[in-house]
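Shown next as structure tokens: one chain only, the form predicted on its own.
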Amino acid sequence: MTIAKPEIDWQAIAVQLAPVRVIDEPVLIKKRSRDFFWYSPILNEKLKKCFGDLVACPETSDELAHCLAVAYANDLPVVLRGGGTGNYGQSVPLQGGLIIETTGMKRILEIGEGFVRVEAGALMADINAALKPHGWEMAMFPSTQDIATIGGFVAGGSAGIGSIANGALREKGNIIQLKALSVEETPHEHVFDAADALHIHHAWGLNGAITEVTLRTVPTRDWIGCMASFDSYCDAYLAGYALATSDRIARKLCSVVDARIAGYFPRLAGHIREGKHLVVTLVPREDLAAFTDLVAAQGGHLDLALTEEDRVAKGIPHVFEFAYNHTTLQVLKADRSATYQQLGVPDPADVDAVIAVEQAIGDDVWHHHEFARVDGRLIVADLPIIWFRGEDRLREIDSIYADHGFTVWDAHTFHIEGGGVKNADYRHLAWKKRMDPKGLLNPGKSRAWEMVRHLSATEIEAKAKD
């Protein structure tokens, strides 16, 4: 269903948006119509020709409300955009229309005991930098913190660096409050406290325009970025598991990376043992000796143990830039024929299952595991590098994983009901009906919305109980 009207006069829309700054140069509009969907050759083919028609750049919530009112009055499709670091096309306008870039809404509003309150467009690196002098840090952040906004992370993310200690973003206490604007003739700002924030979280901007976020913070620590190398992937995985389950060693990151992937980390040349499998972590200074002992007990070698000052002096990126989906990015910088997938390990303690699926799949899949906690329990995700040989082979790989008991969270779909969500979240869609009655926000990203948009919010919400 196409919402945009063919007779829309975008120059007239730009006038209506004043005094909000707009971008109307086609090259810049195209640039802001993209995110990291090109990690997937399947999404790249589907989304590479999807572009918006105009970009608005509000700097306050009042300006954002004005943009939404103009969109409502003119039935304009709207896509909200932060740093554009999503992997699934979350910020790609499928039906053209108005792109609203929120990076100008970047004020850090309040820092308090165990919390930070910020505007949606604030960069997470800037938030962490502002917190540190006060003795706090974000409970978690993505590996793309330098360019990712907090609003984008809350709308499209779920976990990151810190999740091994503090759980997923959706867990109780991590999101304290969200504020979001509706898309109506006169947009209203709604406040979602605590668990109610989950009605807006991870909805890809489908059901409200986030203006402000209040998040839990944790006491900052003197973190040491470490890389330890191992002769076999089995040994590296067992070391990662031992670290993730240790009651003696705190950690903010716990990643295991295949040696072949590590070969695509040129900035680590001369700093890590060549051809070895890696455990990548952040541990507090006071636990470094215990971590060194753990590595030795698992048959490994501690190659790097960097303070922030050491890291800067050596010209080495943060260790988390060799974790999560930054591993995929490191490989893609050199070879665009690579892609990735997202898989759930059935039993984190069962290294034999990890090795068995590796042997069953073949050499076109290079493994990489991330340890985290969800609802208090340890989980492990495999985010492998896959050398793309076509969609048929990709789906064969998915099937092999599934046959071995692994969960497949498809990274190659632009629908919110794919990936880690799997099923329609009717709580999200009920709030979409309340907040976005015309269905203007991020149209085309939800299959289920097209089937329930004719229902009332109460009727949609009832489906969540079915």
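Note that residue numbering follows the sequence shown and begins at 1. Model, not experiment: these values are computed from the prediction.
One more form of this protein should be noted, the form predicted together with a small molecule, which is absent from this view; the next part is about it.
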| field | Triplet Tyr237, Ala242 and Gly344 all within 4.5 Å of the small molecule in the model of the complex via a heavy atom | value | no
| Looking at Thr217, Ser182, Thr339, Ser143, which has any heavy atom no more than 4.5 Å from the small molecule in the model of the complex? | Ser143
| field | Answer option from Gly300, Gly225, Gly84, Gly96, heavy atom within 4.5 Å of the small molecule in the model of the complex | value | Gly84
| said: Taking the small molecule as it sits in the model of the complex, is Gly157 near enough to touch it, meaning that at least one heavy atom pair lies within 4.5 angstroms? | reply: yes
| query | Taking 4.5 angstroms as the cut-off for heavy atoms, does Trp204 touch the small molecule in the model of the complex? | reply | yes
| field | Partner contact for Asn325 in the model of the complex: the small molecule, 4.5 angstroms, heavy atom | value | yes
| query | Do Thr281 and the small molecule share at least one heavy atom pair within 4.5 Å in the model of the complex? | reply | no
| task | Look at the stretches 257 to 265, 84 to 92, 189 to 197, 345 to 353 and give the one with heavy atoms within 4.5 Å of the small molecule in the model of the complex. | result | 84 to 92
